[in-house]
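Take a look at this single chain, the form predicted on its own, given in structure tokens.
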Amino acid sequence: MSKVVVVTSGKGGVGKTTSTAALGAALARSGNRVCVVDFDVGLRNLDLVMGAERRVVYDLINVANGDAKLAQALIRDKRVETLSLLAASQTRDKDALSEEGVARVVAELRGLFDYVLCDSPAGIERGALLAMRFADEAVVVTNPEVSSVRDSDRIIGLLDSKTLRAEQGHRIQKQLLLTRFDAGRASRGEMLGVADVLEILSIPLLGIIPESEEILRASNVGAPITINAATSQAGRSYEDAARRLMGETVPMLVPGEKKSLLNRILGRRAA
């Protein structure tokens, strides 16, 4: 069954687009048919991270408005055959997207792909609400800082009230992706610890992505880190997160620490 997953957060700059590309590539490399969709109309960046900026002819708005067919707008990745991109418009604004148009596009994507990852713009305005509107699941991306976690808490509230599933009386499954984590800084109290973030947001943890220059380097060369540097610590962390998204049980390792998060929590309880 096809799954539509929104990658979202309240705060900008936390790594939504990077995470969408990395998770999408990892899912596709596992044999799934995957489409990553950029909902950040006017400020599109997913095509850059995917290395496809020169190949965009038609975009999400063209398809949603009936000006182009989905097949014309989909860009197949040159490195992973089962990975595709639907780019956002760079010249229109978010008001050009209608709920009805997005519904048609998402329905068509469901028939073609196993996973549809919707890269949401930051904030709580129209573009973000449309990105989450038809989602089955949500990946909430946050940095270990108070403002980012607070904004993510607001997004969780919207996922539970503004999505189609919520209106139908169902709960949308939400998982936390903690990015730009530094175990040393967390131990010194310079950023929130993993347990602190989990206590505030109270949703399952999908993955912990370390602060890494490899992520920036991958974005600059137009390749998701799970393709460009899959064996790096950050690349492995995204690979593990993708496996959990597929339902696999994968030990949760805190980057920079030897013990798994589960072992440390159980150890504290035993003490």
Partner chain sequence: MSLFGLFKPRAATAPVARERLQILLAHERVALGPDNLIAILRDEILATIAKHVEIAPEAVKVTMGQQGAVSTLEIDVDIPTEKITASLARQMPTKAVA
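Numbering follows the first chain given and starts at 1. Note that the structure is a prediction, hence the values are computed from the model and not measured.
Form predicted together with the partner chain: not shown, discussed below.
Interface stretch in the predicted complex with the partner chain - options 167-175, 147-155, 75-83, 110-118, non-hydrogen atom within 4.5 Å: Heavy-atom contact with the partner occurs in 147-155.
Whether Glu211, Ile215 and Arg217 all lie within 4.5 angstroms of the partner chain in the predicted complex by heavy atom: So, no: the whole triplet misses the partner chain.
Exercise: Gly184 in contact with the partner chain in the predicted complex, heavy atom 4.5 Å: The answer is no: Gly184 has no heavy atom within 4.5 Å of the partner chain.
4.5 angstroms heavy atom contact with the partner chain in the predicted complex for Ser161: So Ser161 counts as contacting the partner chain.
is_contact(Ile200, the partner chain) in the predicted complex, heavy atom dist at most 4.5 Å: Ile200: contacts the partner chain in the predicted complex.
Heavy atom of Leu192 within 4.5 Å of the partner chain in the predicted complex: Looking in the predicted complex, residue contacts with the partner chain include Leu192, since a heavy atom lies within 4.5 Å.
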